[in-house]
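Next up: just one chain, as structure tokens, the form predicted alone.
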Amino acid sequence: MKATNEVTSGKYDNGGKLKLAIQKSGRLNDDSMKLLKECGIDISNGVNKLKADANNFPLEVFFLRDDDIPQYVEDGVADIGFVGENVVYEKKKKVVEVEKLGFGKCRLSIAVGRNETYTDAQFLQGKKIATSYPVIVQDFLDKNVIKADIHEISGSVEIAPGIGLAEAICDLVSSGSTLFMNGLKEVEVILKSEATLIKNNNLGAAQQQLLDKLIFRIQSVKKAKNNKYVLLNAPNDNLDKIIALLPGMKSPTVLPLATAGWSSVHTVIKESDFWDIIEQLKELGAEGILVVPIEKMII
């Protein structure tokens, strides 16, 4: 196919584009556009445009309401979408989750009045629950064999207990400050969510090839964010012990320094292990430790 040859050569035809749906405004929009930029994809979307083309990748972007994205992807209007997992699970459309994107992290939680005594989910038995996520909440209730009355409302869910509409709510939580201001407390996390890449079930071969190329770029960006490039000076007496702490992608790079008895060690450390390893390196006599962010990481 023509699209296949163009992918291989790095040149793309306007007729063989991958159609991506993202949130038209808000945090997910900002993070989605940032991710595309980090993937080397240049998009000029102007002001209030609902569709834009990438300048250097066969990608057409649709700017939509996040709640509508799974439907557009299921119907094939968009080939793929960036959307919160909470929306995917709530809408239950026939789409495939392909890759978590590493941003938009939040949790869908049950909250009750600050003075309520909550021991477990059975507290909700016979209660009224206000939420914008009735499908997910019903699944949670069914799993725990609880019968409760779900009131579906959109926006300002936190005020429901205060006005007598419900005795509990289920809503997205990040810091919990909004709950606190409304006299509520978080008592049960029923879903942890982040932005995810979804695709149409019947994606064509040409589009799948373009998607594979995009996923490769996304994974490279994510790996870079989760790792640090570290350079340090190590005393040769403890070099073996220091190397044992620093596996890197394969093994650390070790170069002799002009100063006798010392070597320069270069490696990559996972963000989650960074501080523990740095402390151990210092104990083994490592000096001049430099930590450099990684822009892209290809393995």
Ligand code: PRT
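Everything quoted here is computed from the prediction, not taken from an experiment. Throughout, we count residues from 1 along the sequence that is shown.
Not pictured, yet referred to below: the form predicted together with this ligand.
Heavy atoms of Leu28 reach within 4.5 Å of this ligand in the predicted bound form, making it an interface residue.
Although the partner is absent here, Asp67 lies within 4.5 Å of this ligand in the predicted bound form, judged by heavy atoms.
In the predicted bound form, Ala130 stays away from this ligand, with no heavy atom inside 4.5 Å. Contact annotation: Val87 falls within 4.5 Å of this ligand in the predicted bound form, judged by heavy atom distances.
Contact with this ligand, judged by heavy atoms within 4.5 Å in the predicted bound form, is confined among 225-233, 202-210, 111-119, 164-172 to 164-172. Exactly one listed residue, out of His151, Lys147, Lys143, Lys105, brings a non-hydrogen atom to within 4.5 Å of this ligand in the predicted bound form: Lys105. Contacts between 134-164 and this ligand, taken as any heavy atom within 4.5 Å in the predicted bound form, involve only Glu158.
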